[in-house]
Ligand code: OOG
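Here we start with a single chain on its own, the form predicted on its own, put down as structure tokens.
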């Protein structure tokens, strides 16, 4: 029998995680059901326009997961597991300074890189690692005890790592080994029945509930799975109408009349899950923890570096307006700022080089003998090319921190008088042992490849730059 290729391993793993998480958190199944209902209604209302940022088949199947690990070694090991699935570290996110609530982690996303692989299955996992050396959160004594605790556990068995390395090297696994790999990998992210040390967990929780979720237990687990929806505001309303408690607001860009950009996210509140606890006297009791929640996302167009600079300026303007008028809903304030500051059409985003597009020869281009313009703006304005938006496949630190903080039972504590610990993309690459992809470079390469094909189709003499 032929080998199970990496993309198929990825698809099967995503399905298994969904089944696992649905059993552990039944409200997730409601979230998926409502997402599918909303997507079907949007397709009925808008037709092909609803698939501007991805086919309904892809949108319906799309998920991203989130996990948390405690040490560089654990992050390196999980990187090997995801490499077997054709998922590679992309982006560096530092949540330690993020508003509204700093979280003592740095993160990356493991995801497919190539467009064809994304089309086959776009599963991605947002992976956070605890920074226990950061003195703003952990004093020296707590860091030492946390390091000892984490050193005693093993999240990923040796057999799994051996199979992962083989799959990475060979692009897949024979069927029997593939099943074993999937069994082991899925099992690593199941919620452990082992009792939680209440005193230790509570001590970490006073620093950060996320720190307790990472370093207060003997294993890791899937923290949430996130379906993609075409109308996140409608989903938010429908979930509330079903009596499900949602977080206060949708994170990310506002709802407005122009094109969706980057990423919008929301979630239902973390649910009280029964857990077993080991008390200081050694007895076992039953209690609850609220650490896992149901997230949903709506994806927009990827912004260029200049577009991201503008986006950051708009976010800052929203923050300023809320300082002057705290009673104003953030959605209303943001919508006003967006209307004033961001182009309200894809064409203008392309003309001003604010968003990434791929370009293709227009079937209805001029055929009256005129020479095509030598610049991209002229080709766009003259209908020589068609611009297709590049979907944003990555994440926003502020939105991630907003989701995390909206689901925390304790606000935690930060000693801002202490210095932080340097962590950056280069450090992350050294820890993982492989290059960390930069999202904007991936999008730029997609654009450049499309322009290369346009140049070839239009004939000699075309020297189209890769931006307007």
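Numbering follows the first chain given and starts at 1. Values in this document were obtained by computation on a predicted structure and should not be read as measured data.
The form predicted together with this ligand is left out here; the points below concern that form.
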(message) Which residue, 189, 126, 384, 88, is the contact with this ligand in the model of the complex, using a 4.5 Å heavy atom cutoff?
(response) 126
(message) So this ligand isn't shown here. In the model of the complex, which residue out of 208, 223, 77, 121 has a non-hydrogen atom within 4.5 Å of it?
(response) 223
(message) Can you confirm whether 6, 83 and 173, the three residues that make up this candidate site, all sit within 4.5 Å of this ligand in the model of the complex, judged by heavy atoms?
(response) no
(request) Choose from 292-300, 326-334, 148-156, 272-280 the stretch whose residues reach within 4.5 Å of this ligand in the model of the complex, heavy atoms counted. (result) 292-300
(message) Residue-level question: is residue 66 within 4.5 Å of this ligand in the model of the complex, judged on heavy atoms?
(response) yes
(message) When the contact criterion is heavy atoms within 4.5 Å, does residue 359 count as touching this ligand in the model of the complex?
(response) no
(message) Within 4.5 Å, heavy atoms only: does residue 404 come near this ligand in the model of the complex?
(response) yes
(message) Can you work out whether residue 436 and this ligand are in contact in the model of the complex, taking contact to mean some heavy atom pair no more than 4.5 Å apart?
(response) no
(message) Using a 4.5 Å cut-off on any heavy atom, which residues of 245-271 would contact this ligand in the model of the complex?
(response) 265
